[in-house]
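Starting off, we have a lone chain in the form predicted on its own, written out as structure tokens.
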């Protein structure tokens, strides 16, 4: 059966619609509750995992490197849940990493920007004008981050199958639209789409394994065959390629590993000035 992924400008609004959609479809709801298990598995703070999803810019508590690491852990857990099918996933940034899987209905819930600014101003005890500026800055930062990490702008409407604005559509009507849309044969699983999801899940598991030693590595999977890109200095090439292959080849589901080594010119330049 299909998978419904719902993302939203405002987490709480998206959560309400996702839970109602799951109930209407008889699907399981997969939300931020799974972060507790991720936190326990990797001995992390659950709050930091939420921040990795929500915070648009690095903070004193979280560097870009740490955020990348936390997102890798989240991605592994979410894709593992998606293999079960018959789920509604929300609040876990899955819209950033399930592109290309045709039986995942990707939904974006839009909140009226003026209403959002008013609510933000009231919650944070500030003027509406200041709230508008902060929200605009946050949007821009998220666009930059999604493009740098996942190579696309998360506000691009072409990345979603369905966009629902709550400006004139109430939440119950939004649920009806989503449930009717997902019943289309276009969102039924096919061999190819199921393979795409399995490839993403395998790549996520491999990436997590490499994260500690080789955080810059990018992983692509194709039916058990892996292509791993890694940054490093030329003197490290043979040793790093061998180490990555040894790690990846021991993961269940992996048949073949090919490592593409990319020379890290920035690191070389930095070391030359020491």
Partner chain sequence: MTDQLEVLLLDDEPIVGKRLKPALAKIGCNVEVFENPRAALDRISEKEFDIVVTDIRMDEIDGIQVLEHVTQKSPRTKVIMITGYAMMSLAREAMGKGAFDFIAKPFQPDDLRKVIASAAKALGSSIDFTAAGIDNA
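Quick caveat: nothing in here was measured; it's all calculated off a predicted structure. Residue numbers count along the first chain shown, from 1.
What follows is about the form predicted together with its partner chain, which we do not show.
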Note to self: Can you tell me which of 84-92, 116-124, 188-196, 165-173 lies within 4.5 Å of its partner chain in the predicted bound form, counting heavy atoms only?
What the structure shows: 188-196
Notebook entry, point to check: in the predicted bound form, which of the listed residues (149, 161, 138, 132) lies with a heavy atom within 4.5 Å of its partner chain?
Noted result: 161
Notebook entry, point to check: Just one of 72, 78, 182, 101 has a heavy atom within 4.5 Å of its partner chain in the predicted bound form. Which one?
Noted result: 101
Next item on the list: State yes or no: in the predicted bound form, is some non-hydrogen atom of residue 106 no more than 4.5 angstroms from a non-hydrogen atom of its partner chain?
Entry: yes
Check: Heavy atom within 4.5 Å of its partner chain in the predicted bound form: which residues of 1-20 qualify?
Finding: none
